Every structure is written in C-alpha cells, then in structure tokens.
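Take a look at this single chain in structure tokens; it is the form predicted on its own.
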Amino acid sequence: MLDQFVGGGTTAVEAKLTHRNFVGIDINPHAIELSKRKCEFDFDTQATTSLAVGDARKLPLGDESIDLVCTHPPYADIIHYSEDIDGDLSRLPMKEFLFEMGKVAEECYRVLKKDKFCAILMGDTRQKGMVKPLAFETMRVFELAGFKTKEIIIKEQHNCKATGYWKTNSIKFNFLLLAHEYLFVFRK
C-alpha cells in the first residue's frame, strides 16, 4: 500500500494494524517524523512499514510495484502544511495545484499494478463565497492519467476542528457549510 501524502500517519498506522506492507512518502520531513512516532507501537505483524521524505510527483518506486494507493492530498492552498518547502502542493492555488496533481496521477498510474485500485480522499473549497469543485476537478485529472472511476463515496464530516468558525461565518455571510468529502476509487 502507498500513501504519498502520508501527513500525520493515519494510513501508516491502519496499514500496520491490518497487516499490510506500507510505503509512506511526504515532502514534509516533519510529517515523516510524526508518522514514524505514531507507528512505534508493538503489534505482532510480518508487514513492513517504510516512511521517507519524497515528492509525490517523482516516486522512488518501480513501475507496477504497488497493490493499492490510498491517500489524502492537500486541498490546494486551503491549509499550508509548510512555510517554505519547495514542491509543497499545499502552497499552490487551485489551477497550479491541479496541474501538479496531474503529475501525481501519472505517478500513481505508473507505480500501481494493472487492475488494482487507487483511492483519493478530496474535498471542495470556497473562494469569495463561491464553491470551487476541487474534488471533481481532481477526479478528472486522475481520469486523464488513465484511471477509470470505479466508485464515488461521499464522506460526511462531523465535529471538525474549524466547524464552529465556519458555522458562524456561514450564517453571517449566507453560505452553506461544505460538510463532506469525496472518496474516489479508481481502477487501473
């Protein structure tokens, strides 16, 4: 299993708990250290966990070497995950982000084995009071790389850290909360 936006390490922990060999990559060294700490628990498994700093657009993996991609990229420049890391996609506005996600999609396609699956969790954003369909634009980028969309699952969000802030602003400025994300399941 591959997660090339390993972030806080949730996928790494779940892979270990489900006895899956795991490769976690992130461009942010802090994310890799955090993920390593989270995976330092005793658990009887033969599965391996590999965590390394790297760029999702240039994966250090062989062609068709991965059975499953399961990842949660940043949502363009909504939340910046670093201050100055060159290549951090969380610092890019939507148009540039989608262009770079095209490279990510091509790398996913390259490393994934034939007939295997790639799952991407992605949400939308809002700019100047208008919804920007980042999720479906990302889905299209993966389709253009050669993937076929197998499933679209809507994940409802509850009790998010910023919900109070956004709920207050949604009433004040008359907009609906974006309280869901999409889990796109693609097949190679």
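A quick note: this is a predicted structure, and the numbers were derived from the prediction, not measured. One rule holds for the numbers: they count along the sequence shown, beginning at 1.
Omitted from view is the form predicted in complex with a small molecule, to which the following refers.
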Next on the checklist: Contact check in the predicted complex: 102, 106 and 138 versus the small molecule, with a cutoff of 4.5 Å between any heavy atoms. Do all three pass?
Outcome noted: no
Next on the checklist: Does any part of residue 5 reach within 4.5 Å of the small molecule in the predicted complex? Heavy atoms only, please.
Outcome noted: yes
Checklist entry - According to a 4.5 angstroms non-hydrogen atom cut-off, is residue 89 in contact with the small molecule in the predicted complex? => result yes
Item to check | Non-hydrogen atom contact residue 28 with the small molecule in the predicted complex at 4.5 angstroms | outcome: yes
Item to check | Proximity of residue 117 to the small molecule in the predicted complex, heavy atoms at 4.5 Å | outcome: no
Item to check | Location of the small molecule contact in the predicted complex, chosen stretch of 129-137, 148-156, 61-69, 48-56 [non-hydrogen atom, 4.5 Å] | outcome: 48-56
